[in-house]
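Below you will find one chain, with nothing else, as structure tokens; this is the form predicted alone, and questions on how it binds or moves follow later.
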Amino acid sequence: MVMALTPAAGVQGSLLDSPVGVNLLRPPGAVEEELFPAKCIRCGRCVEVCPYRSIVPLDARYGVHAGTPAVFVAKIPCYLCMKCVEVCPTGTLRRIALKETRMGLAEIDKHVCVTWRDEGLCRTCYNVCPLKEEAIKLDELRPYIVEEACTGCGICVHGCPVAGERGRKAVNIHPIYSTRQGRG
């Protein structure tokens, strides 16, 4: 049984508003968010084929986005197996190379990260990154993101042991869903 992703407590807005936000992303290869709810036929193939159960359908509370796939990276990140893009019948999830994937962009909150605050040494985000030394590097002991290489998979968020305000972590993924933003 597939569990639908429900909105976070306090989420408000129009039933037309995109659900995509910090740590809530579309699967790899997604078309621009403005086109997504119209192009996706909600067949569920991407949800079914995901071996990690990273992709879940949004529920009815998401209005026009109900039934469309999403990845809540703090719960289960995308492990970039790329099986979802292979089964999408409409091209809503486009077939792209792993290193061309841009689901989002990781950002380290230097006010929350214990390493950046000089309160301890944590390299979890660096250690778990599948593109270590490409998408994330160390400046002496402190991790930093290489924007051009980050896929936005969320493995760093999922692994981060430090929680900040509003359920965010010391590292979070900000969505990239429009080619007007230079990535997508």
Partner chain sequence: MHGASGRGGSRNYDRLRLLVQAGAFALLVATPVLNAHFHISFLQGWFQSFSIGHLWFVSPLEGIESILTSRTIYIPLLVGMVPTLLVALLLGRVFCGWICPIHFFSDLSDRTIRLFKGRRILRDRLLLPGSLLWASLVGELLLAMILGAPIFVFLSPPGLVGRELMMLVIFHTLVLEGVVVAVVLAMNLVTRRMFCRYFCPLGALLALIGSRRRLTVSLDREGCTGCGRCGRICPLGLDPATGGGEDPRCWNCGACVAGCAQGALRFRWSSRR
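Numbering follows the first chain given and starts at 1. The structure presented is a predicted model; accordingly, all values stated were derived computationally and were not measured.
The following text describes the form predicted in complex with the partner chain, which does not appear among the structures shown.
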Practice problem: Answer yes if any heavy atom of Cys153 is within 4.5 Å of a heavy atom of the partner chain in the predicted bound form; otherwise answer no. | Solution: no
Quiz item: Heavy atom to heavy atom, is Cys88 within 4.5 Å of the partner chain in the predicted bound form?
Solution: yes
Practice problem: Flag Ala135 as yes or no: does it have a non-hydrogen atom within 4.5 angstroms of any non-hydrogen atom of the partner chain in the predicted bound form? | Solution: no
Self-check item: Cys43: touches the partner chain in the predicted bound form, heavy atom cutoff 4.5 angstroms
Solution: yes
Exercise. Just give me the residues of 48-73, first to last, that have a heavy atom within 4.5 Å of the partner chain in the predicted bound form.
Key: Glu48, Val49, Pro51, Arg53, Ile55, Val56, Pro57, Leu58, Asp59, Ala60, Arg61, Gly63, Val64, Ala66, Gly67
